[in-house]
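Below you'll find only one chain, the form predicted alone, shown as structure tokens.
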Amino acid sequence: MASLLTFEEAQERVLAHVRPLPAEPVPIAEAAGRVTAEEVPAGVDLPPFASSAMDGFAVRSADLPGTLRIAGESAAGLPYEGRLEPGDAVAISTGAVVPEGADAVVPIERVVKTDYRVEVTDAVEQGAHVRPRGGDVRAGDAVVPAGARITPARIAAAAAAGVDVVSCRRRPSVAILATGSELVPPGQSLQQGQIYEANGFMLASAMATAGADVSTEPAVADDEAVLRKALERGLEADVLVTSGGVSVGEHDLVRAVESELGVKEVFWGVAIKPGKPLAFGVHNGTLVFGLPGNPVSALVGCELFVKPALRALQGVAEPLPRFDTGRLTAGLRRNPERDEFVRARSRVDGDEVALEPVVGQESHMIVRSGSADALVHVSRGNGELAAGATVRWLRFD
């Protein structure tokens, strides 16, 4: 294996080959989790009229303190029709239109109501408890920026501003192919030397959280002809992700067959643990990732390289994973040659996040990793990171 790339260098090379996918119109009701291709402008001012922030009475601040005649009512969806005259008040509900002529709202608990009059003993400021028209956003201003994932709050913002369709990047299609003659589907009886296939399920779940449209091929045995046909089908997707068969063993056939099919390898090997023999290439616009077969290695490779590519294909402004800082609860020995990504459990400890490495860090121990919710980045070097050391960590989605 040639000189290994750092994981940051590998991420840069992956993203250098990504071009955002075309845009398509998406109804707002179906836009959850999608990524905006362009800025989403408000269709109306929001609020679209001056409205009350309280149940109470709409008044002219110049008339107070004093006793006012109740001239009518403004309810949500049923505004008071007319102008508020001097000496008058209008009963008003939260969210209702503030009548023309009124410039303040007095909460109901601050008045004394008798028959058709209301007494207010204190002065009020202009604008008190009034939500001004356009106080949240003006028509034409951005409700959602370009390159943003549409969250429930952003759906509400767009819908409230009158937006019914948003322009989003197309979801990337992903084909997942696990390789290995030892693999059988869960639920079947295991024969000697066989193991259950888990990577396909794991990777499909992980990539779905990144907005991908995922299809999973049945696991393929270490047979060149069968593997070639499966890879040919996978290369029709925007992204092809394989697991297994990318190392240097006699039965590691994936890279050789991909090369025969015209895949141009960009790099093979990253200075990380787990996940060192990761491969990345391109084929007529398809991004091709070869993840190791060990499940933890595949999971780390997916988090660090595949998911950033999926986010970039959708036009996410900052596609790389976000690292936070936390404090180790136990010491960790550093690797002089490779950055390590240690699985850990996180918990809030005062104003810090405490990170407890799980017991069992071998790359095949997916059950041990299943109890973790964090990847702790231990940069290469000599010696040990002591308990209490500040480290960078990445939360699993």
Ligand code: AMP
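Residue numbers run from 1 along the displayed sequence. Everything numeric here is computed off the predicted structure, so don't read it as measured data.
The form predicted in complex with adenosine monophosphate (AMP) exists for this protein as well; it is not shown, and the discussion that follows is about that form.
Three-residue candidate spot Ala178, Glu182 and Ile195; every residue lies within 4.5 angstroms of adenosine monophosphate (AMP) in the predicted complex by at least one non-hydrogen atom. Residue-level contacts in the predicted complex: of Glu303, Asp238, Asp252, Glu73, one residue has a heavy atom within 4.5 Å of adenosine monophosphate (AMP), and it is Asp252. When adenosine monophosphate (AMP) is considered in the predicted complex, only one residue from Pro319, Gly234, Gly326, Pro292 comes within 4.5 Å through any heavy atom, namely Pro292. Of the candidate stretches 292-300, 80-88, 205-213, 142-150, only 292-300 has residues whose heavy atoms lie within 4.5 Å of adenosine monophosphate (AMP) in the predicted complex. When adenosine monophosphate (AMP) is considered in the predicted complex, Gly275 lies well away from it, no heavy atom lying within 4.5 Å.
In the predicted complex, adenosine monophosphate (AMP) lies within 4.5 angstroms of at least one heavy atom of each of the following residues of 209-245: Ser243, Gly244, Gly245, in sequence order.
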